[in-house]
Every structure is written in C-alpha cells, then in structure tokens.
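To begin, one chain is listed below as structure tokens, in the form predicted alone.
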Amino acid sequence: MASVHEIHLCGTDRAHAERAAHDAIADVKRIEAKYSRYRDDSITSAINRAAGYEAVAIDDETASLLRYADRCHALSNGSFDITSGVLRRVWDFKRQPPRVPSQDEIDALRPLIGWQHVEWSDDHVRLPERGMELDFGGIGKEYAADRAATICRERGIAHALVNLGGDVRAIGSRADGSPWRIGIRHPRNADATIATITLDDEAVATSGDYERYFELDGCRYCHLLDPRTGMPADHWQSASVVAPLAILAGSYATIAMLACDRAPAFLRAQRVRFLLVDKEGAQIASH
C-alpha cells in the first residue's frame, strides 16, 4: 500500500497479542493482493482487463465495496468516482520537470470516467468501454484498517490502535481507560502537528494536498483529481475526519477535499467530527 503501517495492542499478554497481530496483518496483506491495481492477479486487474468485453464474477466482499463506492458517488454528487483513476495517464506527479496536461488530453479521457455507466450486481461487474478502470485506492486501505481492527476484536483484544499509512482505527480506549491521542499533521510542515484529536472506539483519516503534488508557476497541483473536471482539488490544504469506521473517515475526508466550500455542510450532515484547513491555512473545525 506504499506506506508505513503499525498496530498497537494493549492490555493482554505478549503471546496473545502476537497471534492477534499476525492474523490482522495477514488479512491486510490479503486485501492488498486482492484489490491492488498493480498486481496482475488481483480482482481489480481482472475487471480492468475485461473492460469493453465480458462481465467478471465477483464475491460478496467485492460486491460490498462496490455498494459503498456507489453510496460515496451519490453522496458526493459524482466527485467520488472509482473509475476516475484513468486520469493518472495524463497527470504524472513524479515527472521532472512537472507538466500540467492540456485540456484536450483531459477531455480525451473523460468518456472513460463515470461510475454511473458501470454495470454491476452482487455477482458480476462489467466496465462498458475499453480503457475504463476501477481503482479501489480510495477505500481499500481504510477497509483494510477496519478489517484488521475487527480481527483483533474477534481475538479478544479490547484495546488497540491500527494505523495503515495514516488511516487510524481505534479499538476501545487505551488500557488505562484514557482516549487515544492522535496528532494531525500540519499540511505545510511535515515535522509539525496542527492539532491533536482523541479517539475512543473510533477512526480518523486525513486527506490533503501534500503527499503527492507538484508546484508549477506558483500553483500547487495535488493527486486528488475531480472526475467532473479532470483537475486537482485546490480549495483545502487538508481535511481530517473522525468517524465510527476508517472507511467512513477516509471517504468523507476525500469528498470534503473535492467539495470546495460545501465541505463543512457536507461533513456536518454526516454528523462527524472534522478539521478543515483552507488554502490560506485557516482552520474550520466541528464543535
């Protein structure tokens, strides 16, 4: 998943903790192998290879993720779209020197974007156009964090913290009964925090413009791309969300980044805690 992961298990003996951690880590690796777009043997790659041709059979787990992606697409008015990964073909955030794609290049890909065109059910999924792709990157890591937490809880762990590359899911409180305290990274200073939040059987995730980006002619272009325009999000520096599940926190944070000035109203409607940092560095927090 191209990031650093950690799991903290408290209030139990070492052997018990190691067994639970082993099972949780194994499931995270299973999910990565199953849904990674970088692996030829993943279900994601199988679906993408069949684009424009036949439907691909899926299991209950994949169908559940598609149902959640469908919910996010509706909640976001189309800005959260798991078919939008094709935009990476023209947006290269590692290229040197950096380059902004032309409008013609973006427009050439737009017919391949549109979750509403995907044909899917509980048993099969089909991408109707050759060149279309699904990408579970916006929900896969968060789902894996929730699964790891669930496995730990099923193994009798009452106090734990799962951190998959910044997508954090807490099981209960700390062993002494106090809440977990999680620092929120400053979006313009990697060595500083901008806030500290508490978790008790909750999750937190942050989406921002600082992980993958380039600057050109005084403008910052980040990897969060709006499928409706093909352009990067540019209204917020970061959005942090606390929710009952990591998959909720992560998807809501991404939707907020793409929602521009509508983000506070959207997050309040979801009844979650949040911290938004706008492009000038001003903070808007839930109360």
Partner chain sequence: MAATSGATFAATRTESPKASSERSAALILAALALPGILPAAALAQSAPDERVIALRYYDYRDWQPGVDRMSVKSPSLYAFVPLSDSLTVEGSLVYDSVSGASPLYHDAVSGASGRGIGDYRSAADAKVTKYFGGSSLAVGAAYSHEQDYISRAASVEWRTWSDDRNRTYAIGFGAAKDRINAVEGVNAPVLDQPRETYDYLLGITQVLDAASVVESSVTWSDGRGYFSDPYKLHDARPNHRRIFAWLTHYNRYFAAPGATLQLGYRYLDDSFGDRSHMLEASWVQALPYGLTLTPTIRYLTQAAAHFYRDPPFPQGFVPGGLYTADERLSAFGAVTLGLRVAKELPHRLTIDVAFNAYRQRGDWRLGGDGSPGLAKLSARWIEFGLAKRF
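Positions refer to the first chain, counted from 1. Owing to the predicted nature of the structure, the values given are computational and were not obtained by experimental measurement.
The same protein also has a form predicted in complex with its partner chain, omitted here; what follows describes it.
Chemist: Would you say all of Tyr213, His223 and Gln283 touch its partner chain in the predicted complex, counting a heavy atom within 4.5 Å as a touch?
Modeler: No, the candidate spot makes no contact with its partner chain.
Chemist: Work out which of the listed stretches, 215-223, 48-56, 251-259, 234-242, brings a heavy atom within 4.5 angstroms of its partner chain in the predicted complex.
Modeler: Of the options, only 251-259 has residues within 4.5 Å of the partner.
Chemist: If the cut-off is 4.5 angstroms on heavy atoms, which of these, Ser121, Thr193, Asn77, Thr198, is the one near its partner chain in the predicted complex?
Modeler: Exactly one residue meets the criterion: Asn77.
Chemist: Which residue among Leu127, Leu164, Ala170, Cys72 has a heavy atom within 4.5 angstroms of its partner chain in the predicted complex?
Modeler: Contact residue from the list: Cys72.
Chemist: With a cut-off of 4.5 Å between heavy atoms, is Lys29 one of the residues that contacts its partner chain in the predicted complex?
Modeler: Judged by the heavy-atom cut-off of 4.5 Å, Lys29 is well away from its partner chain in the predicted complex.
Chemist: So in the predicted complex, is its partner chain close enough to Arg188 to count as touching (4.5 Å, heavy atoms)?
Modeler: Contact check for Arg188: no, nothing within 4.5 Å of its partner chain in the predicted complex.
Chemist: With the cut-off set at 4.5 Å between non-hydrogen atoms, does Arg89 touch its partner chain in the predicted complex?
Modeler: Output for Arg89 is no: heavy atoms all beyond 4.5 Å of its partner chain.
Chemist: Does any heavy atom of Gln116 come within 4.5 Å of a heavy atom of its partner chain in the predicted complex?
Modeler: Close contact exists here: in the predicted complex, Gln116 approaches its partner chain to within 4.5 Å, heavy atoms only.
Chemist: Who in 47-64 is close to its partner chain in the predicted complex, meaning a heavy atom within 4.5 Å?
Modeler: Stretch hits, in order: Glu61, Ser64.
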